[in-house]
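In the form predicted alone, a lone chain appears below as structure tokens.
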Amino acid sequence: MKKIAIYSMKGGVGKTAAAVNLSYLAAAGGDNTLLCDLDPQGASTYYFRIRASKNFNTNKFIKGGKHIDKNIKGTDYPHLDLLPSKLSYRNLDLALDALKNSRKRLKQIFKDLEYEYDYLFMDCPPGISLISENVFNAADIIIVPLIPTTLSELTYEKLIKFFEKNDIDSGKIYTFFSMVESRKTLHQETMNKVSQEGGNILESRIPYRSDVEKMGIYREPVPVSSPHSDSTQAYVELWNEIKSLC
């Protein structure tokens, strides 16, 4: 099972849209796929029209094992399951901090699912916290959406420095440009600058389009609601590029 985190320090960069569409495309290819919604906002959970069980909470999540199995939900799509978020995940950092080996608990939880799925996607909350450090340790690949603006570039640079300072392998960080408006000079200049500075910059770019925003209305992945759109084609290209890394 390949573990792929969709992560950014910054919110509002297209992280959840990427997690939903990429996990859908992985499953559509016939691979057994689990999307774990770690963000207490629960946007991925909402998009797939799923609610977590009333009794599921942070404490049961960090216990793992049968508590996870019982709360994994099937989606409307073959081969795609979801482990829904709960608002109580806002306390996940505190719960993890009370455990021994608190930075690697997520890795242990997912180990129990190793032979049930081909791909595990994590829709991660923004910021750098204990749950983020768990994600960094658990993931095989960390996909970082980057809007080509100054602030997004700054947070990307801070993430790389955090990995280096804490002796975490920054080689598993891959970035793609998200919500790209090709007519904007700032976007073009930022993409050129970041690409020239090196690092793992994926070639696929996700354009800024209304069909992605409308995921909240249709509550479907873009390849389902707009199968012939250029947004769908962009996510297909992005998934093919990521899959080649696994």
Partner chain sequence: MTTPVNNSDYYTLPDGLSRIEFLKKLANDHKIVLDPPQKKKEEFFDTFDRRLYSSNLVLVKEDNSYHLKSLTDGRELQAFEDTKKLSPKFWWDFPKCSLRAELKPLSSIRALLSLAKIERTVATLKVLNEDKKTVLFIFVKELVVISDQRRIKPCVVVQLKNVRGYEKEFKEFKSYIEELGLKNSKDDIISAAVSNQGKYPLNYTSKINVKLKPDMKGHEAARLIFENLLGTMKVNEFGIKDDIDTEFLHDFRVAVRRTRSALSQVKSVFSPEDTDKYKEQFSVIGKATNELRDLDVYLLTEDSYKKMLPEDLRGGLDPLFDKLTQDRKKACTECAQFLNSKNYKEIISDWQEFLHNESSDANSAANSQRPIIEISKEHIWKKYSKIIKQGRKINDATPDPELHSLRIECKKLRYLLEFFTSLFPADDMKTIIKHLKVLQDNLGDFNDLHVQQESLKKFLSSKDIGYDQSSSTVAAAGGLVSVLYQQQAVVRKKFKENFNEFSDKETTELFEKLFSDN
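All values reported here derive from a predicted model rather than from experimental measurement. Numbering follows the first chain given and starts at 1.
Heads up, the form predicted in complex with its partner chain isn't pictured, but that's what we're talking about next.
Non-hydrogen atom within 4.5 angstroms of its partner chain in the predicted complex for each of Phe176, Ser204 and Gly216: The answer is no; none of Phe176, Ser204 and Gly216 reaches its partner chain.
Close approach of Phe48 to its partner chain in the predicted complex, 4.5 Å, heavy atom: Residue-level check for Phe48: yes, a contact with its partner chain.
Any non-hydrogen atom of Asp69 within 4.5 angstroms of its partner chain in the predicted complex: Looking in the predicted complex, residue contacts with its partner chain include Asp69, since a heavy atom lies within 4.5 Å.
Its partner chain contact in the predicted complex: Asp112, any heavy atom under 4.5 Å: Flag for Asp112 set to yes.
Partner contact for Lys172 in the predicted complex: its partner chain, 4.5 angstroms, heavy atom: Contact with its partner chain, no.
Option from 142-150, 163-171, 99-107, 116-124 whose residues, in the predicted complex, bring a heavy atom within 4.5 Å of its partner chain: Result of the contact check: 116-124.
Residues of 201-216 having any heavy atom within 4.5 Å of its partner chain in the predicted complex, listed in sequence order: Counting only heavy atoms within 4.5 Å of its partner chain in the predicted complex, no residue of 201-216 makes contact.
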